[in-house]
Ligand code: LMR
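What follows is a single chain, given as structure tokens, in the form predicted alone.
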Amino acid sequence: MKYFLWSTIFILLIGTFIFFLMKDMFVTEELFYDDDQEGLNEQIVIRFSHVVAENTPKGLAAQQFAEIMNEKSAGRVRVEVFPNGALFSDSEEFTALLSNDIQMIAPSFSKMTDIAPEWELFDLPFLFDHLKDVEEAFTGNIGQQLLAMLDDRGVKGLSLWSNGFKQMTSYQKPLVEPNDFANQRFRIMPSRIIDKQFTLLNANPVIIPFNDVYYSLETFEVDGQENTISNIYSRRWYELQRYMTISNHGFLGYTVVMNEDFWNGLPDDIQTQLNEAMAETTKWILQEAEQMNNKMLIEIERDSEMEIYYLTNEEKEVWKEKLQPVYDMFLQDANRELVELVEKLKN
């Protein structure tokens, strides 16, 4: 009996020893890691969603920003860019941003007016005459004042990006005089300023999401639209329209914004790097957008049957006179600060 008892105790001791020995081996196996993987758990991922093609000014700027930020942060920040509305449409992306499903978007200025009506400023027709005026507005005090108006609205305003001057297209007839717009249906972005513009031209404005414009032109839901050369070319709208007027009547830009809570949770050094990367990208895209629009205009002239007309200065003055009530409407509701902004831009 004693022999059996001691044998049992011995076997239990041996089993316990083997158990703890094997346990230590498994723990050692689990804790082993490759030095190359060190720090990956600390990587910050920023999902940047937009609705235009990769080969447009905004598409290229988003990718440029991602590359600059990766370099500045030595890989600590990874910006994942999702173009062409792959994640959300332009009518969905703002809600997705506020819920932090994505962290960055770059909506058109018109989309910002629901948050801060002051952004209607950039929808005014013939606001800019030259690219240098745009650069001064985007990177100077005007841009900073408008971005500051987004504080405490759920988003952090980072920068203003350029796409270029807008042009008019139509399937029905050439658009040379204001009367040529009469009774035509035009796709517009959601903006009371743009709506008023087409109403003054006796046209019928129709709000249609960006990704649905091709179908709307193809099925004749609308007769025409206004946009930059790069969007007209990359979306192949020129194949569906017979006439284009180089009017430079409006300017299309984007407000680059980030989820405010996400921004506030970033380390100070990362915020500094983001601002630096954004400033570099903003300067780059101002020049790149102009070159791209010029290049794509040449390609449309060469490869399509679209009839292209260039407005003369005298014809532009007729358009400006016709559209003056848009300014009157805007200034009537504007505060003194906004009135001063308009005066700065027009003088």
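No experiment lies behind these values; they were computed from the predicted model shown. So that there is no doubt, residue numbering starts at 1 and follows the sequence shown.
Separately, the form predicted in complex with the ligand exists; it is not shown, and the next lines address it.
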Is residue 147 one of the residues lying within 4.5 Å of the ligand in the predicted complex, judged by heavy atom distances? no
Using a 4.5 Å heavy atom cut-off, state whether residue 66 contacts the ligand in the predicted complex. no
Taking 4.5 angstroms as the cut-off for heavy atoms, does residue 223 touch the ligand in the predicted complex? no
Can you tell me whether residue 102 touches the ligand? I mean in the predicted complex, with a 4.5 angstroms heavy atom cut-off. no
Using a 4.5 Å heavy atom cut-off, which of 225-233, 263-271, 123-131, 240-248 contacts the ligand in the predicted complex? 225-233
So which of 137, 155, 81, 189 gets a non-hydrogen atom within 4.5 Å of the ligand in the predicted complex? 189
Between 108, 169, 162, 113, only one gets a heavy atom within 4.5 angstroms of the ligand in the predicted complex; which residue is that? 108
For a quick check, can you give me the residues of 49-70 that have a heavy atom within 4.5 Å of the ligand in the predicted complex? 51, 52, 58
